[in-house]
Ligand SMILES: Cc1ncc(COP(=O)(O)O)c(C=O)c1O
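The chain below stands alone and is given in structure tokens; this is the form predicted on its own.
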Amino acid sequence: MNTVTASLRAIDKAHHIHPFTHNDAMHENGAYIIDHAEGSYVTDDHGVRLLDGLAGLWCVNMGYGRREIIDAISAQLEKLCYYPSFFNSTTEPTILLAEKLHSLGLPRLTHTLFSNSGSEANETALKVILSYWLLKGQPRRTKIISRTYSYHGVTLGATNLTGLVSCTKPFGLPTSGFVRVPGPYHYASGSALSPEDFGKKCLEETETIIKCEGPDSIAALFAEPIQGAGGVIIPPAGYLQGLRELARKYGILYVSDEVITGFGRTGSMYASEAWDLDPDIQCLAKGITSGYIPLGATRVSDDIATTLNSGGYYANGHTYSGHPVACAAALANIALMEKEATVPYVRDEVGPYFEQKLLALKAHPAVGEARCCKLMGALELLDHGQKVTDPTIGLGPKVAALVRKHGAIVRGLANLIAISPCLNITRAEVDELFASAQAGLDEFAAG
């Protein structure tokens, strides 16, 4: 280990608490330090080049080092580095991005509120929802529904929404007013039903819970089209549409959390449009700038926007809401996607090839299930051939470490690995990614 690396790791240990990390355990060997990146690859401080099979954190959609985005950021910094959207003011990139998001799909969502992350996009949605129902004269509608295995962020409200015990238990959450309904995680359920029938059962239980809670007390239902951090849970046919219909039936606002699935990962610009969900609110982040600059967005229907605007002073927002540099980065990122026809490429070319390669690993002796939707997939892991559902066993991080040793980064979650690379990954890079995954699985199975 060179002197600079040792010094950085010592400073990191002394002064930095990492998110979603067992910090004491990590510091026994020290943090991985990524030094630079290009395309689908990152290089660490030892000069080891790794294929990034998780696109940073599901976010570097257009790959690392894209000059078009970097130049847009630089140009905006030189022109206007910052000005708020407070004080009856805003900036040109902020205005143009709000218009652009509307033009990309889901036309009923006419207005956007900007924030800094996916967590804040969901937090903003919560406050919008509560304000909306107060202004509508229905103050009893305060309860919020979300699903088991959901992940909606780390701010207080977003953590209350999250259906992962590992995220809520350390903080004594959820608090009252947050209602959990079953997510369609067929593999973990152990159900003898088909995935489609299990989805129907989840919908029946959801409706029962809505009736029990009192429909006129429920403000909104939050749902990720694909439950990402909960395990890349891909909904069975008809389930999401059924969930949306339940919301309509009981007058509940439907919120589509597309922090991961927005901007092409599933082969459509917005997964909500592909599944014909017509949400009342959509939450975005990550791929909106390909991770180059933090930005979150909460899109709302014209009815919600009109109601909020008629309510007078809107007392919510952030110092950096609609930051001109972040919005300029997003506009450049979207322009690059359009120029390179990224969505059709994912839908018709690299997405199906990625699916083929990932689903082929279902035959591996260390794999219990493989599931995938274009460039978003997961492999459930077996422990010496045995299915494991206790998340504390943690096979996922162990296998992810082995895959990394063989040249690629994937994410270990509970007892699975998630794989979701940059959207412009090539077929040759897909082959390399799954060769590393195969080698890591082989070593795990032999251990």
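In this text, all values refer to a predicted model and were calculated from it rather than measured experimentally. Numbering starts at 1 and follows the sequence shown.
Omitted from view is the form predicted in complex with this ligand, to which the following refers.
Partner contact for Glu224 in the model of the complex: this ligand, 4.5 angstroms, heavy atom: Flag for Glu224 set to yes.
Ser189 within 4.5 Å of this ligand in the model of the complex, heavy atoms: No - in the model of the complex, heavy atoms of Ser189 and this ligand never come within 4.5 Å of each other.
Heavy atom of Ser146 within 4.5 Å of this ligand in the model of the complex: Looking in the model of the complex, residue contacts with this ligand do not include Ser146, since no heavy atom lies within 4.5 Å.
is_contact(Thr90, this ligand) in the model of the complex, heavy atom dist at most 4.5 Å: Flag for Thr90 set to no.
One stretch from 255-263, 354-362, 191-199, 303-311 that, in the model of the complex, holds residues within 4.5 Å of this ligand by heavy atom: In the other structure, the partner sits against 255-263.
Selected contact from Thr112, Ser119, Thr206, Asn160, since only one has a non-hydrogen atom within 4.5 angstroms of this ligand in the model of the complex: Here the answer is residue option Ser119.
Residue among Gly291, Gly153, Pro324, Gly377 with a heavy atom within 4.5 Å of this ligand in the model of the complex: After the contact test, the surviving option is Gly153.
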